[in-house]
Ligand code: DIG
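Shown next as structure tokens: one chain only, the form predicted on its own.
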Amino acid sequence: MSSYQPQKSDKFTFGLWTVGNRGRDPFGDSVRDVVTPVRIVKELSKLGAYGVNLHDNDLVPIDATPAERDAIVNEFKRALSDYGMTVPMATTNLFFDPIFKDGAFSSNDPLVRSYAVQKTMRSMDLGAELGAKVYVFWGGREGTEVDASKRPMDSIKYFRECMDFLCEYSIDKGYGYKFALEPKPNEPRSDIFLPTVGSALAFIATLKHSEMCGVNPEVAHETIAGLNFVHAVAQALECGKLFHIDLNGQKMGRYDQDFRFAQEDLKGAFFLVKLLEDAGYDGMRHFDAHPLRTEDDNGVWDFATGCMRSYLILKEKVAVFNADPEIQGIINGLTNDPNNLAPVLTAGYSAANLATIDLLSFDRVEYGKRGLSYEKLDQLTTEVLLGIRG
């Protein structure tokens, strides 16, 4: 049995804001001391993580002078080098400062939108300096509580204008960024624009440089809305738009809990790992989660270790599932094609294929009586997860 010790090749990453979370929530103050970015790099490296990701202000305070900014960044770069860590992804905090209380890219105010673009460009400069190649956009304040306050078509237009501007900036600077939109249905706004993976993909198709834009789906965000996260990720993968992914745990219908990966819905986490591994996804496995408010400093690193171990354990279970002859026999039977019709549908419309489909004849009633063995398949999956098989 594997020791489940993470390796750099696993590409596990954490945000500075994740293990650095101090346990504050809307009803209670912080319960842990500040963990500096340099210490985060050191401790995560010891645990086997690949790298760290950051918002601009996770590292550099919003009001830092140029000299202060350079000193902070240089110290951080030394830590990355000393501990063999990387920064694969960067993003901008466009949600905390009061200026963004009614949106950033979708604000009604052109000054706010322009400042949001300026702040993002400076953050892109920082990310590029640290080696990031993926840039994430989470529109946490892009939404409404009062629908009369915004014309939603204008808001989407404003959002598009900002994204197009920033795409051109990346191209002009030669940064080579892949932009990843991170959808979420609500919180902190009542209703957030581009709430789901599907809506984000539709928006991306309207951008001037849609080829450099994809998505960064998060387990908790789709789950809040009661959606199937694995299906959302599959859609992104199928169209080549899964540029990054946020892994955590979430109970359906709750606030954004950001639990440790696989803390909730083990079966959903299993099928997510299976999807990523079977598809050969070669991006980061990024944990966007927070230690529980009950934890002290030791608990923070228990949390980080648990995220990575759970992924590796589930990855091992995927191998058992894929090698189980009874399970695979059922699955293979579901796609059995004795009439060789799949190639007809794949090839598409033609005179010959029209004739094949048009002349199709079979006993519909009897065919509808066939059992598909889904009960057995689901039970066998449960047994794999419980360690009974393999």
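All residue numbers refer to positions in the sequence shown, first residue = 1. Worth saying up front: this structure is predicted, and the values here are computed from it rather than measured.
Quick note: we don't show the form predicted in complex with the named molecule, though the next part is all about it.
**Student:** Tell me, which of 159, 138, 311, 179 has a heavy atom within 4.5 angstroms of the named molecule in the model of the complex?
**Tutor:** Filtering the options by heavy-atom distance leaves 138.
**Student:** Please pick, from 89, 124, 192, 204, the one residue with any non-hydrogen atom lying within 4.5 angstroms of the named molecule in the model of the complex.
**Tutor:** The residue in contact is 89.
**Student:** Using heavy atoms and a 4.5 Å cut-off, decide whether 43, 261 and 290 all contact the named molecule in the model of the complex.
**Tutor:** Not a single listed residue reaches the named molecule in the model of the complex, so no.
**Student:** Wondering, does residue 218 line up within 4.5 Å of the named molecule in the model of the complex on heavy atoms?
**Tutor:** Residue 218 belongs to the contact set for the named molecule.
**Student:** Is there a heavy atom of residue 100 lying 4.5 Å or less from a heavy atom of the named molecule in the model of the complex?
**Tutor:** The answer is no: residue 100 has no heavy atom within 4.5 Å of the named molecule.
**Student:** Using the partner position in the model of the complex, report whether residue 32 sits within 4.5 Å of the named molecule, counting heavy atoms only.
**Tutor:** Taking the distances in the model of the complex, the answer for residue 32 is no, it never comes within 4.5 Å of the named molecule.
**Student:** May I ask you to check whether residue 95 falls inside a 4.5 Å heavy atom distance of the named molecule in the model of the complex?
**Tutor:** It does: once the named molecule is placed as it appears in the model of the complex, residue 95 has a heavy atom within 4.5 Å of it.
**Student:** Please identify, from 210-218, 299-307, 224-232, 149-157, the stretch that has a heavy atom within 4.5 Å of the named molecule in the model of the complex.
**Tutor:** Result for this chain: 210-218.
**Student:** What are the residues of 156-170, in order along the chain, with a heavy atom within 4.5 Å of the named molecule in the model of the complex?
**Tutor:** Nothing in this stretch is in contact.
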